[in-house]
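Before any questions on how it binds or moves, here is one chain, the form predicted on its own, in structure tokens.
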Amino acid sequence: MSSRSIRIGLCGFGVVGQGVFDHLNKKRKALGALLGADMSVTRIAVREKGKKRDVAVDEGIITSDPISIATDPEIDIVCELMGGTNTAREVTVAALKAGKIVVTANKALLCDHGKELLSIAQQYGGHVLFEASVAGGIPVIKAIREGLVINDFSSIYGILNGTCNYILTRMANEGLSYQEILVEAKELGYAEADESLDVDGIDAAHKAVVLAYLAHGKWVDFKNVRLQGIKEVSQEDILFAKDNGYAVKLIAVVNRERGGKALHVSVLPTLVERRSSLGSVDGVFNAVSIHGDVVGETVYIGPGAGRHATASAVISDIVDAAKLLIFGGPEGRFPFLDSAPKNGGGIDIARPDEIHSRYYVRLVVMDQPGVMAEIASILASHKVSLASVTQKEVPEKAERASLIITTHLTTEEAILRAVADLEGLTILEEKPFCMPIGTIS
């Protein structure tokens, strides 16, 4: 029989919370043998008592007060699985001030309050573990924090939102529009009723901020993340990608610019080569490509969301928390261990004129003489050099043409200014659509 008991409190009992509870119970004996300690969920905080759930739970351990779990001296590990940032922050702060280990899957909480929470953890002798906050079942945080600890990271590229990848994959495979697939994705449970967090790129951007901290020790302000979702991606973009050996993916980028002194973080629809490490990752899967100076490129692919994948990552952190409690010193006290010890204080945010890429631009214009000359003149005025131009008639719009332009290498500043000027042309029928052409290996 295990010699020590470790008591876990779950704050939040939705899809992920129930998955954690279920798998911890099923694996209780195996975990006890592995750790020499009996791990059990002894308290659960829910929004609605009496609600029907997928797992059987003793009503005696259920409360509607998550703070009472965070401050309960009998609880060793607090799992924050509520989502949102207000109550979640209050619970996390209360638990850390009580010197506890907090396990969270909440990337928005970390993005908005990560620096504060780690400071409180250090002050009061607690820890924050957050493997499940990025890419669900893929152990990418452990890879950066532990397996690749000797590396400096020049770039990280990621498909970090399964809903977006699912929609873009079906657009490519079935020729359907974004809107048609979104309706079906909601019916199948792949997209939330309010899909904006996913399709506007916000969810992926929260995760990119966490990755930037882990890799470089710097918390990037969310407003400094260049962000664009997938709503404006059309079948024309998908077809161009197919015809030219690319795939359209929503790609999160964490890159070092200016010789490693500036950090560029973005989440944008991107043309990536189909044969590249991320170009062939389809459906609801996530993928992360990490480039380290010692190891080279390592790639991690797997389910990025869902009860089982996220529960797997949460339980991984619970096991690490248990090891800290068991082996961390007298009475379970242990020194603060920052999950990203690198000092990012000297790293700036990269300016748009320091970010280089090739770009894809789609325009719908009036089909008349002089149009291309006018467009080329604007691009040239911003020193954006054309690599190719494709023109097609727009069948449903008489005397309208669709122009697809690709550029040679230029700066983000130059392309944004050029596109802004193009948007002001009277010959334009729709807002321009622009995305980078990725150079992922």
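Numbers for residues come from their place in the sequence shown, where the first is 1. So that the term is clear: the rigid core is the largest set of C-alpha atoms that superpose within 1.5 Å between two forms. Not measured: the values here are computed from a predicted model.
Just so you know, the form predicted in complex with a small molecule exists too; it's not on screen, but the next bit is about it.
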Interface check vs the small molecule in the predicted complex: of Tyr178, Trp219, Tyr246, Tyr190, the one with a heavy atom inside 4.5 Å is Tyr190
Among the candidate residues Leu117, Ile202, Val319, Ala305, which is the single one with a non-hydrogen atom no more than 4.5 Å from the small molecule in the predicted complex? Ala305
Against the small molecule in the predicted complex, would Ser266 count as a contact residue? Criterion: heavy atoms within 4.5 Å. no
Does the 4.5 Å heavy atom contact test between Leu160 and the small molecule in the predicted complex come out positive? yes
Does the small molecule come within 4.5 Å of any heavy atom of Lys207 in the predicted complex? yes
If you check in the predicted complex, is Lys107 within 4.5 Å of the small molecule, heavy atoms only? yes
Tell me, please, which stretch of 257-265, 351-359, 297-305, 143-151 lies within 4.5 angstroms of the small molecule in the predicted complex when heavy atoms are compared? 297-305
Large Cα shift (2 Å or above) at Leu268 between this form and the one not shown, core-fitted: no
For Leu182, does the CA position differ by 2 Å or more between this form and the one not shown when the superposition is done on the rigid core? yes
